[in-house]
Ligand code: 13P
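Presented as structure tokens, the chain that follows is alone, the form predicted alone.
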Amino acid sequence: MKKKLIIGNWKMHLNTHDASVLVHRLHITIPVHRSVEVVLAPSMLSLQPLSLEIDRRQFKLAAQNAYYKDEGAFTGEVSYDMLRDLVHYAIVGHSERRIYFNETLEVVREKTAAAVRNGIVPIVCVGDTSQERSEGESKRVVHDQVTTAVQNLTSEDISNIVIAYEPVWAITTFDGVVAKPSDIQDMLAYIRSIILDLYGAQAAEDMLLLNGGSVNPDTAAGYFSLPDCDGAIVGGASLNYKSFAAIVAAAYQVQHENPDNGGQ
């Protein structure tokens, strides 16, 4: 039985004090559900203090980024090896990393492998821009992103990754439009078919696929009800504890209404 996986990506927001306050509010607002795993991705600066504050039965932590070398003369970088005792997950290849910091397909591939190598579950973000969508290139772009990201992974490794479809054309940061559930389902099903071709039916069935665009308390339930949507990576709405709690509640409600999907 799959859990729903809900990830709050705080991006470059909140100093260590404010991050602690938000965690406290989330702690008293979000119940522990066996069928929903809640992950918080604060800034790198806040990871260590929050690792001491959180109840790990209630929340897991994720890094927003890391460098793919385990150690070396790389001034200012933090490796996955350094993070292995702090985080359970790491976001890899987020659209903002690809767009603002010029992360290539090859860099995302190396980061994915480095996370797996260090016992951290990579949340590999893939997605198409408005221009790529208007030119009919969406599936080609996503195919290239997925196949390159998993290129160095074995059939055993593939069970330890998550893929998030980030429709860049639907992300608020880029003045996106709200993504229709049918658009999300179509692409998630396509991603699952790629994994099916590469790693077989069991890997494709077991893999968690997330939606990374247009997720808020009003839209969440519609996305979570999709056959191939196993959760969400949430941006701006994760900074508001009431909004984020409502998204987690929507995930639980969908699981509760569909007993085949999970637990309690």
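So that there is no doubt, residue numbering starts at 1 and follows the sequence shown. What you see is a predicted model; the values in this text were computed from it and never measured.
If you look for the form predicted together with this ligand, you will not find it shown, but the lines that follow are about it.
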{"property": "Any non-hydrogen atom of Gly212 within 4.5 angstroms of this ligand in the model of the complex", "result": "yes"}
{"property": "Gly222: touches this ligand in the model of the complex, heavy atom cutoff 4.5 angstroms", "result": "no"}
{"property": "In the model of the complex, Val36 touching this ligand (heavy atom, 4.5 Å)", "result": "no"}
{"property": "Residue contact check: Gln255 to this ligand in the model of the complex, 4.5 Å heavy atom", "result": "no"}
{"property": "Candidate stretches 163 to 171, 82 to 90, 183 to 191, 127 to 135 - the one whose heavy atoms come within 4.5 Å of this ligand in the model of the complex", "result": "163 to 171"}
{"property": "Candidate from Ile30, Cys229, Val234, Ile195 lying within 4.5 Å of this ligand in the model of the complex - any heavy atom", "result": "Val234"}
{"property": "Within 4.5 Å of this ligand in the model of the complex: residues from 90 to 124 (heavy atom criterion)", "result": "His94, Glu96"}
